[in-house]
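What follows is one chain in structure tokens, specifically the form predicted on its own.
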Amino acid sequence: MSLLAACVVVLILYLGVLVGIGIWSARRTSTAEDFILGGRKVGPWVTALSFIAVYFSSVLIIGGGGFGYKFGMATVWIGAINVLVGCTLCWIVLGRRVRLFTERMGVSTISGFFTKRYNSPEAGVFSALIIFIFLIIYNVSVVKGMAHSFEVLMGLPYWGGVLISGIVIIFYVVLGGYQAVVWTGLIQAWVMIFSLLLLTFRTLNVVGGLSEGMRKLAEIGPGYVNTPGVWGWAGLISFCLIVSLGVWGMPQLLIRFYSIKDAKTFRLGTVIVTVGAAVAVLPYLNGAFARILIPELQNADLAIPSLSRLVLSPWGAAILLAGVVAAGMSTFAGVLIIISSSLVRDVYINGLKKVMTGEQEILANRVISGSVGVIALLIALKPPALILVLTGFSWAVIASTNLWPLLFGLYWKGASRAGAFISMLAGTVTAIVWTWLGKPFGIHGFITGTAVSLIVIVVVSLVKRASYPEGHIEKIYGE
């Protein structure tokens, strides 16, 4: 069977399953809480594996492979730090505490957390607006990764890949909400893990094994096998931090902690997420070895699709395409839910003090999810930059806004309303301006943005001390 025919068969089956899950989930979605959080009844396996699918997405598979191709084996450190800091440590430090705090406060979004924890509607609205703007940019990078795979493996025009992947995602999110997102995420995680393992085994076989591959890569240039190699310490450390520590402030991942059925399941979930996330190193490894087999690629983001076409059978390449699409769809879908819930609940209902019935809120979420999805698809038709560059910029701004107000809100009772809000403003402005200036000294905007945000929340909270209504903090901390 030809590659095109295999891809068509696999994708029809796979996309059909996703549409079926969307229809099934729609029947189980009767309240706004169901649409946004799945009723807070999601188990540890579904939570952990959907966390992996949303975290890594097509940005990891395609973008990570592109960075591996461009900068060599040093990029494997990014995947390793993703596992240890972005998954294991994140679940240990944030998971259980976020679940308990958000249930006590009765909130369903990260912006809602800021509103209730700091008694600060302005912090909640600002966070929601930043999430809206910069998660759209992130979704553009996700769609770009999926479309490149359709382009190389199926011969479709780039715009065709954008439309196929985007329309299916919008359909099942609008129908099934969060339940559709996490259950499709479970399937997508397994497809992604299997496809990456398959590609890695075949690539190692073709290059003659790991040692031989490293030797051949060193012949092309020693910088491709050394650390920090051709990238340099500033670039490598910055990206390790932004795509590992930066995820601690990413709402599409934090919502997994909100929705897990109880705090007791976090130990099992942490083990599952650590083991499953270990595949994060594989795209960088495969991207580096792609330089041996395909040395003249003009676009590094095509490294993984091109490598797949070279080393895999038609069925194997079709499964890899399904893996890329699976990873991208899970992230895109998760982001749509976050954006719609933030705009409806945090900006319209809580910020503007509007009243909506449960049915009206579900309808508003569906309309906004669909609209935001279409906007992202239109932008993705003419996207700028490498995939991981887009991701890095959007994550830098969102993390600079959310990271420290979230952590201090969970662990320091003295974090004040003024400290949190001014920290958000300072971190956001710093990350954007620093990136606009061209990242002076090779330091990413994430580093400067989060550093400024950290200093500001501590200093302002100490100068303008927290003053909350009686019993406010005690209730949140369960005292």
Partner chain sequence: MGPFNMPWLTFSAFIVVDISVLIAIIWVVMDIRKHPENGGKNGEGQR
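Note that this is a predicted model, so its numbers are computed, not measured. Numbering follows the first chain given and starts at 1.
Only in words, not in the display: the form predicted in complex with its partner chain, which the text now covers.
- Partner contacts here mean any heavy atom within 4.5 Å of its partner chain in the predicted bound form, and among 137 to 145, 344 to 352, 281 to 289, 106 to 114 they occur only in 281 to 289.
- Interface residue among V206, V271, I220, I294, judged by heavy atoms within 4.5 Å of its partner chain in the predicted bound form: V271.
- Contact with its partner chain in the predicted bound form, judged by any heavy atom within 4.5 Å, is made by just one of V275, V367, I167, L310: V275.
- Shown alone here, S394 lies farther than 4.5 Å from its partner chain in the predicted bound form, counting heavy atoms only.
- Interface residue remark: T227 is counted as part of the site for its partner chain in the predicted bound form, having a heavy atom within 4.5 Å.
- Under a 4.5 angstroms non-hydrogen atom cutoff, its partner chain in the predicted bound form has F266 among its neighbouring residues.
- Taking non-hydrogen atoms only, V83 approaches its partner chain to within 4.5 angstroms in the predicted bound form.
- Taking its partner chain as positioned in the predicted bound form, none of the residues of 192 to 207 brings a heavy atom within 4.5 Å of it.
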